[in-house]
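Given as structure tokens, the chain that follows is alone and in the form predicted alone.
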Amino acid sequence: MVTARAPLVVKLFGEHAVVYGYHAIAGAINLKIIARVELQSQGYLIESNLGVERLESLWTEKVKHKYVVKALQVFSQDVLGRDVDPVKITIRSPAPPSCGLATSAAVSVAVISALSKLYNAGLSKTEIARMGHKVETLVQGRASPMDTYTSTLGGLVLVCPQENRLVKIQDVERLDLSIVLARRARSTRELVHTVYRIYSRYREIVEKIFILIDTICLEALEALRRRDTEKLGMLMYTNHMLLSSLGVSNALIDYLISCLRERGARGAKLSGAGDGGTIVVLGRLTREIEQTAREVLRERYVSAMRHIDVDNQGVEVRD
């Protein structure tokens, strides 16, 4: 049996705009997807928080574990040149799916990393990240490499799509963050397509929004390096308003962000595709702020984590 652990990811700045070639900043955190892969005699067995799924073939069209099955398919085609042998895959997650913490990216990275070890394929972290991005693109239709690369490499990452590179931000030792999780009504795929429809119809306007988000991202990079938390928080609030203008927030989340600001949170914004999921907060949550989140979100409130750390290791694999 091989076990891989891949960190979940918060998007600090630039989500959605990064899909169209603009900068973004993401951070791997110390909440990790665990994928255990072991050979078995026949068929494919997948167990996770979504339930148990048995497959006779990797090429079944309608499956519950889309990212796991697609990772198996991509590894089969791109590495082995044949189908992966019958395996049992067990996935454990500290967060629910579609929560805005890049669970799908971490699952893809963890499964591919475990398969690489199982078959002694010797894939580099860069290759694992690239294959994980391919899995996400095939499932979602459109996807940025940000999540899979950050989960694979660890730490804080600056994504530079136009230069086709990702850069680990080396000179930021620590960043205090908290998160609030809220139930979403729309999937990542639907939210990505929401932005694409608006972009297709109002391209000139949306391009200006993307340029503003890009400027905020680069200003945030300097604020991170200078440890200017006051400016960083202001940039988070501004980035959130721009995400809202793209149709990926909702009235409840916007109201929560406003309440958090009034109650002294240094910064807060949606993190990820949107419509709930993860709200990332700069600094540690007070009991008052956490209670505010419960009261505002009501039945859509899932949980809150008062403090999370940046994970600098990235994906790890062991026998």
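None of these values were measured; they are calculated from a predicted model. The first residue of the sequence shown is number 1, and the count goes up from there.
The same protein also exists as the form predicted together with a small molecule; that form is not shown, yet it is the one meant from here on.
**Student:** Considering non-hydrogen atoms and a 4.5 Å limit, which listed residue (Ala114, Val180, Leu101, Ala71) is close to the small molecule in the predicted bound form?
**Tutor:** So the residue touching the small molecule in the predicted bound form, by this definition, is Leu101.
**Student:** Please pick, from Ile25, Val18, Leu297, Ile308, the one residue with any non-hydrogen atom lying within 4.5 angstroms of the small molecule in the predicted bound form.
**Tutor:** The residue from Ile25, Val18, Leu297, Ile308 that makes the contact is Val18.
**Student:** Just checking whether Ile253 would be counted as a contact of the small molecule in the predicted bound form - the rule being heavy atoms within 4.5 angstroms.
**Tutor:** Taking the distances in the predicted bound form, the answer for Ile253 is no, it never comes within 4.5 Å of the small molecule.
**Student:** Consider Ala273 of the chain shown here, and say whether it contacts the small molecule in the predicted bound form, taking contact as heavy atoms within 4.5 Å.
**Tutor:** Taking the distances in the predicted bound form, the answer for Ala273 is yes, it comes within 4.5 Å of the small molecule.
**Student:** Decide whether Thr152 counts as a contact residue for the small molecule in the predicted bound form under a heavy atom distance cut-off of 4.5 Å.
**Tutor:** Although the small molecule is absent here, Thr152 would stay clear of it in the predicted bound form, with no heavy atoms inside 4.5 Å.
**Student:** Taking the small molecule as it sits in the predicted bound form, is Ala143 near enough to touch it, meaning that at least one heavy atom pair lies within 4.5 angstroms?
**Tutor:** Ala143: yes, in contact with the small molecule in the predicted bound form.
**Student:** Which single stretch, out of 161-169, 144-152, 209-217, 227-235, brings residue heavy atoms within 4.5 Å of the small molecule in the predicted bound form?
**Tutor:** Stretch 144-152 is the one.
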